[in-house]
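Presented as structure tokens, the chain that follows is alone, the form predicted alone.
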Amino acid sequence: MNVGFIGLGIMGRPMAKNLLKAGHKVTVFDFNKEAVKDLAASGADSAKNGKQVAEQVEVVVTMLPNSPNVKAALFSEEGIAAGLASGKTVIDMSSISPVASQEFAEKLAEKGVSFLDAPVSGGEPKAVDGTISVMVGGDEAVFKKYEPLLRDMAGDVTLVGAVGAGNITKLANQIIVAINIAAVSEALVLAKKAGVDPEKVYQAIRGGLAGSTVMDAKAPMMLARNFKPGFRIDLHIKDLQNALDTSHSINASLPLTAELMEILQAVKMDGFEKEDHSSIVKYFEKINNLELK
């Protein structure tokens, strides 16, 4: 398939490479010229802007930080929409506001262009090995057409509803992940404060009901003091803000999410916003005057 890919960050770069490995013709664009050169060395074509990408391909995949970035990529003067013809498709794999996804879909539909919102979960390691989970919102026929393409980047792909449902699902995912990391942090700090080896506590409980993918991914990072970002604190703040904004628009109450947002803001104020979200542990270490190491 002839695919455009815009957004070659921590997640987008390995995802685009997996499309190349699967045999697709891929044309890329990003403001990061080094990332573009890296993809070109792997076999991708490059374009000078989103319009040029869209003119050359059947489907454009976007993987960008937030709603304003996607809006600019789509609708700026030399953006994707300027190069789209009727019958083409945009698959936005960014984690953005579901309301924004619906607005973008409506605007593109005026040009006869289909839209799927398809945010992902799994972080950089799973993006690299092609086992991310993709949660998709959109028309079922469009989904079925591009499901094989999505599976070339993912281990699990699920249609969850109409446009916007993908990002609602991602917000639910991000709430669970943030609260899980905080719970792991609090529990290991308790162990350390009580004089019990937190590494041994982790090993003892990881196979029981408390065990989780989040625990297995993040507890070792906390214990090793490895906060190299797989998913940054500032991006998780963005996701929780989208969750809170969405909840307020539909009169839902998310008290745990609100509490986690305050914890993340405290971590950011201490200067750790570019670190992995396992740095949530630093909040609990600070208020207990200890370090897990």
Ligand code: NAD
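Don't overthink the numbering: it's just position in the shown sequence, from 1. The structure presented is a predicted model; accordingly, all values stated were derived computationally and were not measured.
The same protein also exists as the form predicted in complex with this ligand; that form is not shown, yet it is the one meant from here on.
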Candidate from 32, 42, 241, 56 lying within 4.5 Å of this ligand in the predicted complex - any heavy atom = 32
message = Within 4.5 Å of this ligand in the predicted complex - does that hold for a heavy atom of every one of 91, 101 and 164?
response = no
query = Is residue 281 close to this ligand in the predicted complex, meaning a heavy atom pair under 4.5 Å apart or at it?
reply = no
ask   = Hey, in the predicted complex, does residue 51 get a heavy atom within 4.5 angstroms of this ligand?
value = no
Heavy atom of residue 198 within 4.5 Å of this ligand in the predicted complex = no
key: Exercise: residue 124 in contact with this ligand in the predicted complex, heavy atom 4.5 Å   = yes
remark   = Within 4.5 Å of this ligand in the predicted complex, heavy atom basis, the matching stretch of 6-14, 281-289, 19-27, 265-273 is 6-14
query = So which bits of 31-68 sit within 4.5 Å of this ligand in the predicted complex, heavy atoms only?
reply = 31, 32, 63, 64, 65
